[in-house]
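The chain that follows stands alone, in the form predicted alone, written as structure tokens.
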């Protein structure tokens, strides 16, 4: 079915990430469905960058917000996992060796008791996980897209949606650079990149929103041998911290064994991220440490706050660059410099970063680029992690900023993710309902069920 042959649809899905794809799959053959995607390919940021599948109801989902039991979430996660496997995801499963996981849990518990002071705390959250890798994820998503297209779903790629309006008859007019589309239902799955844009569109048609927390952190790169022992058991180990200096909550996120650090562009600014390929590895591993930031009085726009932090960090990188700093320099209270960045005398030759200083990456001091409280929390977290995994805080360890996750706008929805605007559904990371591929896919399935229920087909 071609998007050009008809401008009237039962359901238009904005965004072809995991939420949009899994919603389209559930609606295929039952309704006339069009998926609009600004990029030239499907999959979204997560499914096309590293492709981690966290198969735990406690990672990437807020069960209380979704009104979902753990048992129901596990059943839905199993269905998401099976779809990925059907289309070629690697069947290797991490996080299933109970004996080795138990050893790590005991070690974390021992460290917690040995370092107990004030609010200092560390927890390891085990989970079953799969890893596709950026290279394999591209092929898996391409197969899924073709399979769904074969079931009647229409895709219009390189189609930037500019506006969504509600018509007098209750239908929606979806405007894009390629024309206008009428639809009885709209499912918005804009991803993190489209979060700010969709928030303004949603408010304009009466959707109720509120500000939620935002994650601001750094990307840490270490020699792979340092992290190998745990990533062989838990591919993406989830450590949760309560920091001693401020009593704030931080966590590790998106670990990439044998991976690479990468630059991401967002609205003209540079962010840092990481990924790993399935078949080609580097001698390093990287992971994020994220600080969850909420604002109470006065309640502020956390998306705008994140944008300002991103802009200021780039400013300290020279106006349009990431800031990168060796851990040895950070702990010594000095900025990193190009001439000493690989210094053998300082021990910096022990790990050559995969994203070295150059255009868009400036050696500097993250304590200038970031608010002091966040720097304290990131420093505290890495120091505590080093007590569980010796070597993480080696002088050669490299820290990059800014890393910011924009999923902070919350939408008032029902059990099936329908907003207060009738027939407008939302799903995925960009609307604050998930964090990660599996959670977003589950969202998409849930919203599709809501649409089908309204059609009497649920």
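This one's a predicted model, so the numbers in the text were calculated from it and none came from an experiment. Numbering follows the first chain given and starts at 1.
The next section is about a form of this same protein that is not shown, the form predicted together with a small molecule.
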Students should find that, of 324, 290, 161, 214, the residue having a non-hydrogen atom no more than 4.5 angstroms from the small molecule in the predicted complex is 161
Name the single residue among 194, 328, 126, 258 that comes within 4.5 Å of the small molecule in the predicted complex, judging by heavy atoms.
-> 194
Does any heavy atom of residue 23 come within 4.5 Å of a heavy atom of the small molecule in the predicted complex?
-> no
Answer for residue 424 alone: is it within 4.5 Å of the small molecule in the predicted complex, judged on heavy atom distances?
-> no
Look up in the predicted complex whether residue 190 has a non-hydrogen atom within 4.5 angstroms of the small molecule, and give yes or no.
-> yes
is_contact(residue 273, the small molecule) in the predicted complex, heavy atom dist at most 4.5 Å = yes
Of these, 428-436, 413-421, 63-71, 386-394, which stretch puts a heavy atom within 4.5 angstroms of the small molecule in the predicted complex?
-> 428-436
